[in-house]
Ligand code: AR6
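As a starting point, one isolated chain is supplied in structure tokens, in the form predicted on its own.
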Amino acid sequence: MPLYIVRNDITTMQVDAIVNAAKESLLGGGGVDGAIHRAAGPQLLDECRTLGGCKTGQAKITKGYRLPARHVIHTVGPIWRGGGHGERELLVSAYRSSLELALEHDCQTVAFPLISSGAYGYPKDEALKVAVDTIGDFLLRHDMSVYLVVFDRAAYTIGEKLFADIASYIDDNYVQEHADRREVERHRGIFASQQSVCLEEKSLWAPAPCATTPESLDEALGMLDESFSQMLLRKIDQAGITDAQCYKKANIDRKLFSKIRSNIHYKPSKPTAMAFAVALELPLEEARELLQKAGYAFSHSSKFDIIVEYFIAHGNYNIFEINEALFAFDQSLLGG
């Protein structure tokens, strides 16, 4: 099931479990920890007192009490000390321990904050990469919907170089698209003045009649080309991967994939079609072809399209990294 990146207050998330970025004492604190304890009520602290604390990189579970979530998973992230004291390994362990605990307690939906990125000082772009990589790896092996909850835009950032590279790619393509459009506007008067000439020479421009023009509607329908669903399933077979591997790499829910598989004429949304192109690691021309089957095309008047195109053109098919970038540029996400 998918990984979603959302802007929200984690205490209001209606999921099976929310994850608390806690202190080792588990007795509450500031930031997300304090907000969760306030929303859950005093019974949460009472139960936490019985747990005997929690080591950094580990996790423990309690009831949710007054929260919409059934459970709170308390995990302790590392304090940033420059990156040379095993911080990354401990942060990976905090996410992994929380996910395994959620799995053990049959949680189908889990919401995480960006652990250690607040008072503990872990650089936000690095904390984000650890979160996305660790959760993404887990979801390739297990069925669960996971939300990475960002409270506000200031709390979210991708690497500066990646951001700059994507911004430059958008600039190069988005500006060119609009420059071309302005050129069309400039010549519109010329086109209008030539219109009568074009009409007079219409016979010179008319295409030759098609030898296979259908004589009836039934015949036309019988000439339908390969559908999106048919092409997708063919590409999966050619890639030598299973259906599950494909929809998980696409960040797509199993139920949605079943609809696509069972309905030859299913028309996916554009983000879904793009997600499958990414999952299949199609080169740009083949990605365009798959999109075309769903009735779409890459557009250089859309930042969303340009960002996805950037990653495909650079051979980066990690859908979670693509979604990091899309979120950073305030675009909708792939899959989901």
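Start at 1 with the first residue shown and count on from there. Being a predicted model, the structure only gives us computed values, none of them experimental.
What comes next is about the form predicted together with the named molecule, which is not displayed.
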item	value
Among 292 to 300, 39 to 47, 25 to 33, 53 to 61, the region lying within 4.5 Å of the named molecule in the predicted bound form by heavy atom distance	25 to 33
Partner-contacting position among L114, A102, A250, L232 - heavy atom within 4.5 Å of the named molecule in the predicted bound form	L114
Candidate from I264, A119, L140, A239 lying within 4.5 Å of the named molecule in the predicted bound form - any heavy atom	A119
The named molecule contact in the predicted bound form: V149, any heavy atom under 4.5 Å	yes
Contact flag, R96 vs the named molecule in the predicted bound form, heavy atom cut 4.5 Å	no
Touches the named molecule in the predicted bound form: I10 (any heavy atom, 4.5 Å)	yes
Non-hydrogen atom contact A21 with the named molecule in the predicted bound form at 4.5 angstroms	yes
